[in-house]
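Just the one chain here, the form predicted on its own, laid out as structure tokens.
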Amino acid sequence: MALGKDYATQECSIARALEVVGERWTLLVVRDALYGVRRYNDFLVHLGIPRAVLAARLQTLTAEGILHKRRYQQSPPRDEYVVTDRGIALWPTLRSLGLWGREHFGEVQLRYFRHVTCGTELGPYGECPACRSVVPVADVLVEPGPGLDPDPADPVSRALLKPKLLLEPLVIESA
């Protein structure tokens, strides 16, 4: 029996969510957008994703209101993709999935996520153990961990070696 292409017969909120974010690459695009990646070519270079796949994922994420497409240059026309509140709401899912992956696949910590106010590393649900509160995504500082390549080839990975706030646009330095 062939595997269906959707979850139309499922009465389940997880199935409905997977219709939007369950395709390969989609959550990695959202992750990068939360890290501040906004431009098509930067997603392309950092993820190593085929162009057609990236275009399709960005189109779906925009249509579903997870990303907002915004023109940043008129001539030639160029757009960037900004995370919406609906996309920001995926942060706890991505945080949990990352922790699960590290725990079950024995990865060395790639990034630290800290509360920018006090510097405390976030708990598994995005909470600050010191302040005893859930930290808003815009107040999460991302810092490189010991598992990251200290000399990556692509400019997006190099830019992500510097501490930065989530959602803050990533600054890519020209070579």
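Quick note: we count residues from 1 along the sequence shown, nothing fancier. From a predicted model like this one, the values you see are computed outputs, not experimental measurements.
Note that the form predicted together with a further copy of the same chain isn't included here; everything after this is about it.
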Contact residue in the predicted bound form, from C131, A55, L28, V116 (heavy atom within 4.5 Å of a further copy of the same chain): L28
Any non-hydrogen atom of I66 within 4.5 angstroms of a further copy of the same chain in the predicted bound form: yes
Partner proximity in the predicted bound form: K162 to a further copy of the same chain, non-hydrogen atom cutoff 4.5 Å: no
Heavy atom of V82 within 4.5 Å of a further copy of the same chain in the predicted bound form: no
H104: touches a further copy of the same chain in the predicted bound form, heavy atom cutoff 4.5 angstroms: yes
Any residue of 81-96 that, in the predicted bound form, places a heavy atom within 4.5 Å of a further copy of the same chain: R86, A89, L90, P92, T93, L94, S96
